[in-house]
Every structure is written in C-alpha cells, then in structure tokens.
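Only one chain is included here, represented as structure tokens and corresponding to the form predicted alone.
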C-alpha cells in the first residue's frame, strides 16, 4: 500500500504538465457567456457590420490560442505547411475540440481558385441567439469566422474569412457557411511546394 493513490507533487504550478483535463463546458454556460459577449458588443456599436467585426476580433484571439494548444497537444509542436492540411485540421480537429463534432462539410469554391467553404447545418453560436427584426442580416457566425481566421493567420495562411447564411430548401433555419479567401502569397507558396 505504499505510494498507492499518491500524486506527484510540484513545487510550482508552471512545472505541472499540461493535461487534457475536462474538455466539456456546459452548453448553458457557453450560451450565457456568448449571449453576454454579443450584448456587450451590441451596446458599443452603431451598425451590424461593426458588431460582426467586433465578434470576429474576439474569435480571432480564441483561434490563435486554440492553434497553440492543439499544436502542442495533438501534433508535438508541429504545424501544417500545406493548404489542404491546415483546412483539414480546422475542419476536423479544431471543430471537434470547439463544437464536439467534425464540421458538416469542407468544399472548394467553384468560381474562384482561392476560396474554400466550411459549412455547418446548425452552428452552435447561432442556435441560442434570437435576432431582432431590425438586425435581420446579423450572423453570430462572425465569431467562428474570427476563430478560423485566427488559426489560419497564426499558422502562416493569411486569409479573409467571413460567415454567411445560406438558405436550404425545406428548412426553417439557414445553413451557415464560413467562406475562406486565401491571400495570393498562400497560393503561390502552395504552387512552389507542388
């Protein structure tokens, strides 16, 4: 019985290993905090575009931190250097950590070579938000677009990332599409890598 159940003691909190810990947050707690974030920013702005920009900026900070954490935990401090690799990483790993499941789809744009889309039938941040009639075009998916932009920028893939509602036949709620438009330098680097 010697040493049974005895945990290793660390003199400093910084010496402790980064464990996975409990990876779930109560859905009601998240919904409440996100609602407060939206309400706080809504008071600070005059129009919908500015509100979406502020939500995107908040998401950008989250995305930068998520990339650091996942690169450390999942990849042994290695980062993706290929375009499809980083998109697959966001579509599967990042989405699963943030939303508990892989995104519904990842598609390449048909009209432009530099556009990719991540689609989600019912995005978590849009699920519990009721939008007033005077803010009809407001999309809380801007927060998730900011997360995606934060991951991409900090991984070395600068892009313009926006969230859009796409109507679906036979469904009351529209699907949310995160549109990713990569900078020209990313496409040139990808062409050089072959």
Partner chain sequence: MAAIYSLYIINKSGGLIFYKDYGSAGRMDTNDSLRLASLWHSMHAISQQLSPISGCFGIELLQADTFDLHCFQSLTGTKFFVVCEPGTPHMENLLKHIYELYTDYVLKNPFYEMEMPIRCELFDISLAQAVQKERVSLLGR
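Computed from a predicted model, the values in this text were never measured in an experiment. Residue numbers count along the first chain shown, from 1.
One more form of this protein, predicted in complex with the partner chain, exists but is not displayed; see below.
Asker: When the contact criterion is heavy atoms within 4.5 Å, does residue 47 count as touching the partner chain in the predicted complex?
Answerer: Residue-level check for residue 47: no, no contact with the partner chain.
Asker: Answer with yes or no whether residue 160 is in contact with the partner chain in the predicted complex, where contact means some heavy atom within 4.5 Å.
Answerer: No, no contact at 4.5 Å.
Asker: Applying a 4.5 Å heavy atom distance criterion, does residue 41 contact the partner chain in the predicted complex?
Answerer: Residue 41: no contact with the partner chain in the predicted complex.
Asker: Verify the contact flag for residue 165: yes if a non-hydrogen atom of it lies within 4.5 Å of a non-hydrogen atom of the partner chain in the predicted complex, no if not.
Answerer: Contact check for residue 165: no, nothing within 4.5 Å of the partner chain in the predicted complex.
Asker: For this chain shown on its own, do 179, 182 and 186 all sit within 4.5 Å of the partner chain in the predicted complex, going by heavy atoms?
Answerer: Answer is no for this spot.
Asker: Does any residue in 168-194 get within 4.5 Å of the partner chain in the predicted complex, counting heavy atoms only, and if so which ones?
Answerer: In sequence order, 172, 173 come within 4.5 Å of the partner.
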